[in-house]
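This document opens with one chain alone, in structure tokens, the form predicted alone.
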Amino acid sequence: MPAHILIVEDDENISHMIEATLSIGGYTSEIAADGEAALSAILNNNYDLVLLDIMLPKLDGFTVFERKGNKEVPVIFLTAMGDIPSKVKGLKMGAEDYIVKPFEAVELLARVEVVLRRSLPGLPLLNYLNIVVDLEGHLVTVEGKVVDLTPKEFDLLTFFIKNIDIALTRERLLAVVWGYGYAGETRTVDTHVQQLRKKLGLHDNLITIPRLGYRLESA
């Protein structure tokens, strides 16, 4: 079963960006938009990880962490508060990690994977045609042979495989793979798609949708 993660974030755009990013790693997730909802969710459900913002309505993230008591669940604080005292406080409370916003999708996934490796037996493999994606090892093979992909190519491929037969705009791909607020041009996506087609033989499967983006079709 994929890891199930609670996203605690009151900014809707950011929470949905995080949700889409987590899908790259093969994770499922839920969203809580304030501290009270987050605390209730943590106490009444089982999660493999909580991504917890600090500046929240009703209850702040530190208070949520304190009030969860003995409920065993790893926590990564996600916050715009980058000052050293806040970082130290979060880590001394027992958080697994502390990530300052804005952050790139690949950074978030890397931090999440590190934490989950300590609590879960292993991360899943993704399969498409003759391609196998090892999420834990960050490795891609085609018919058993390793194919060298850049980190962004790896994230882009994984996101396509997790969204088979779904039309994905260049803007969404930029937001998810290159990170929230990424200012690069959509040509960046086109270049990386071309490399995936070339390296993995996906010319007939990774389809261009004119004036929109791309779609990876069912095998």
Partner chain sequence: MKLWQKIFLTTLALVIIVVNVSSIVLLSNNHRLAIEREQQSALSRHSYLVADIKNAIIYTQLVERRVELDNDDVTDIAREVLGGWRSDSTMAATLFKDGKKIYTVNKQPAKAEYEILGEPDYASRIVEVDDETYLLIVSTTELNGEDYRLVSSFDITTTYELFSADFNQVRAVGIVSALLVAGILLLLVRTLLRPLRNLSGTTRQIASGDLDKRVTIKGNDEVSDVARSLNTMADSIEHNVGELEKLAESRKVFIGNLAHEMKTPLTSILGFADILRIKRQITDDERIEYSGVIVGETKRLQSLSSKLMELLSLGNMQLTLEDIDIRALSTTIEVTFQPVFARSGISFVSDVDEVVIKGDDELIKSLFYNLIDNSVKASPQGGTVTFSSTVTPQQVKLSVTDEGSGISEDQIPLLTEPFFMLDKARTRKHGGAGLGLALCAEIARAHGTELIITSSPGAGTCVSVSFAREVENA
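Positions refer to the first chain, counted from 1. No experiment lies behind these values; they were computed from the predicted model shown. The term rigid core refers to the maximal set of C-alpha atoms that superpose within 1.5 Å between the two forms.
The protein also exists as the form predicted together with the partner chain; that form is not presented, and the subsequent description refers to it.
**Q** Using a 4.5 Å heavy atom cut-off, which of 99-107, 85-93, 139-147, 69-77 contacts the partner chain in the predicted complex?
**A** It is the stretch 99-107.
**Q** For this chain shown on its own, do 28, 134 and 206 all sit within 4.5 Å of the partner chain in the predicted complex, going by heavy atoms?
**A** Not a single listed residue reaches the partner chain in the predicted complex, so no.
**Q** With the partner left out here, check for me: in the predicted complex, does some heavy atom of residue 63 sit within 4.5 Å of the partner chain?
**A** Result no; residue 63 lies far from the partner chain in the predicted complex.
**Q** Is there any non-hydrogen atom of residue 167 lying within 4.5 Å of the partner chain in the predicted complex?
**A** The answer is yes: residue 167 has a heavy atom within 4.5 Å of the partner chain.
**Q** So in the predicted complex, does residue 55 come within 4.5 Å of the partner chain, heavy atom to heavy atom?
**A** Output for residue 55 is yes: heavy atoms within 4.5 Å of the partner chain.
**Q** Report yes if any heavy atom of residue 200 sits within 4.5 Å of a heavy atom of the partner chain in the predicted complex; otherwise report no.
**A** Contact check for residue 200: no, nothing within 4.5 Å of the partner chain in the predicted complex.
**Q** Counting only heavy atoms, which residues in 202-219 are within 4.5 Å of the partner chain in the predicted complex?
**A** Those in contact are 212, 215, 217, 218.
**Q** Align both forms on the core first, then report whether residue 14 has a C-alpha shift of 2 Å or more between the shown form and the other one.
**A** Not so; residue 14 is displaced by less than 2 Å.
**Q** Taking the rigid core as the frame, does residue 27 move its C-alpha by 2 Å or more between the shown form and the other one?
**A** Where the cores coincide, residue 27 shows only a C-alpha shift between the shown form and the other one that is less than 2 Å.
**Q** Does the distance between the two CA positions of residue 159 reach 2 Å or more between the shown form and the other one, the core being superposed?
**A** After core superposition, the C-alpha of residue 159 moves 2 Å or more between the shown form and the other one.
**Q** Given that the distance between the C-alpha atoms of residue 214 and residue 14 changes by 3 Å or more in the predicted complex, do they end up closer or farther than here?
**A** Note: Cα gap between residue 214 and residue 14 widens in the predicted complex.
**Q** Taking the shown form as reference, are the C-alpha positions of residue 159 and residue 110 brought closer or pushed farther apart in the predicted complex, with a change of 3 Å or more?
**A** They are closer; the C-alpha distance drops by 3 Å or more in the predicted complex.
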